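Here's a solo chain for you in structure tokens, the form predicted alone.
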């Protein structure tokens, strides 16, 4: 059964009636990456799809969580603005999942772009955190807890986001003429530039290894980077996730860009792999035995990862969690959702 409130007032009333355990859902594109919801009802926020304001001079906007990313991009493009982070689906799902992170090392990510939100606790209690403007000292940054929470702490209704102007010049590039170590070395070098690419990712597919990305800024800066690193211009192309295998599992994790060569060396034969410029990566395996072995080797490397696609009982298994971080997560869950209604 799915519940689909038409507006924020209906959402609040629904939560106050205490329908039981709930699983939040936007467009549904990431649901297969979460543990099974069991007897929880699906709370679909797709109808909360209003772009409430875009303040072009202040470079901020307010959107309901069900707004599709593509719809916001279209509206911003007409005003010469952009939301400078990758990721698709609904805006609520993008920020709650934060599964791609930054498009470049040190670049903007969902966490840095979320200025505030209007939300509700699982019992329907409304609250606000942060602000609609960039310069604010309005209390604790409770809204930042949305990022990466998968909707298990509270229900976000509206997001206040930081934007940026579209660049004066931009060019997408591709390098597919390098072997694995050389491509990884160039990936690391580009991350370390004073002005790194606005977006970049290292991929391995059955066809080989390739480096793709987007240069942005002044036209002279874009041309200089193209010439210095032989970055051949190509069509725009960005991959959020590796394709989920029909049989097997997907792992997602994080590492330093300087570890790109080590990650490539660990990959099982035939495994698809993508590493974003901010350090997040994904890969597929042929099954649990390979995944478990790889998780052990990733932990030894100092990287983190967990299974995001596979049998329901396997999703979420990963490298050891820091005990302090685990206690903090448990404490936040008890404070914000003491009855465990959001799953």
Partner chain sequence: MPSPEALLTRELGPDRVLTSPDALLAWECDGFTVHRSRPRAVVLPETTAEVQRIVTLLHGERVPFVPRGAGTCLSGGPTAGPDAVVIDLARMRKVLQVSLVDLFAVVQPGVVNLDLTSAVAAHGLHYAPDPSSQSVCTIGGNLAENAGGPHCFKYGMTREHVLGALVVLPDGSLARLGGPAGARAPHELDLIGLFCGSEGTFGIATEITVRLCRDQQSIRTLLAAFASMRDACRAVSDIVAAGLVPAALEILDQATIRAVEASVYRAGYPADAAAVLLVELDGAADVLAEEAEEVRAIFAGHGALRVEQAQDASERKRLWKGRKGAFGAMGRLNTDLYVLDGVVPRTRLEQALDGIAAIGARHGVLLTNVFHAGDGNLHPNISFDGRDPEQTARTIQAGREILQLCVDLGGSVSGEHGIGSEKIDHIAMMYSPTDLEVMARVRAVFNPDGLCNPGKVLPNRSACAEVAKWPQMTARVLDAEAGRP
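Keep in mind that what you see is a predicted model, and the values were worked out from it rather than measured. Residue numbers count along the first chain shown, from 1.
Just so you know, the form predicted in complex with the partner chain exists too; it's not on screen, but the next bit is about it.
Enquirer: Can you tell me if residue 168 lies within 4.5 angstroms of the partner chain in the predicted complex, counting non-hydrogen atoms only?
Expert: Residue 168: contacts the partner chain in the predicted complex.
Enquirer: Do residue 207 and the partner chain come within 4.5 Å of each other in the predicted complex, heavy atoms counted?
Expert: No.
Enquirer: Does residue 58 make contact with the partner chain in the predicted complex, using a 4.5 Å heavy atom cut-off?
Expert: Although the partner chain is absent here, residue 58 would touch it in the predicted complex, with heavy atoms inside 4.5 Å.
Enquirer: When the contact criterion is heavy atoms within 4.5 Å, does residue 3 count as touching the partner chain in the predicted complex?
Expert: Answer no; every heavy atom of residue 3 is more than 4.5 Å from the partner chain in the predicted complex.
Enquirer: Can you pick the stretch from 38-46, 61-69, 275-283, 292-300 whose heavy atoms fall within 4.5 Å of the partner chain in the predicted complex?
Expert: Answer to the contact question: 275-283.
Enquirer: Identify which of 148, 248, 268, 89 has a heavy atom within 4.5 Å of the partner chain in the predicted complex; exactly one of them does.
Expert: Only one listed residue qualifies here, and that residue is 148.
Enquirer: Quick one: from 83, 242, 231, 153, grab the residue that has a heavy atom within 4.5 Å of the partner chain in the predicted complex.
Expert: Contact residue from the list: 153.
Enquirer: Quick one: name the residues from 215-233 with any non-hydrogen atom within 4.5 angstroms of the partner chain in the predicted complex.
Expert: Sequence-ordered list: 218, 220, 221.
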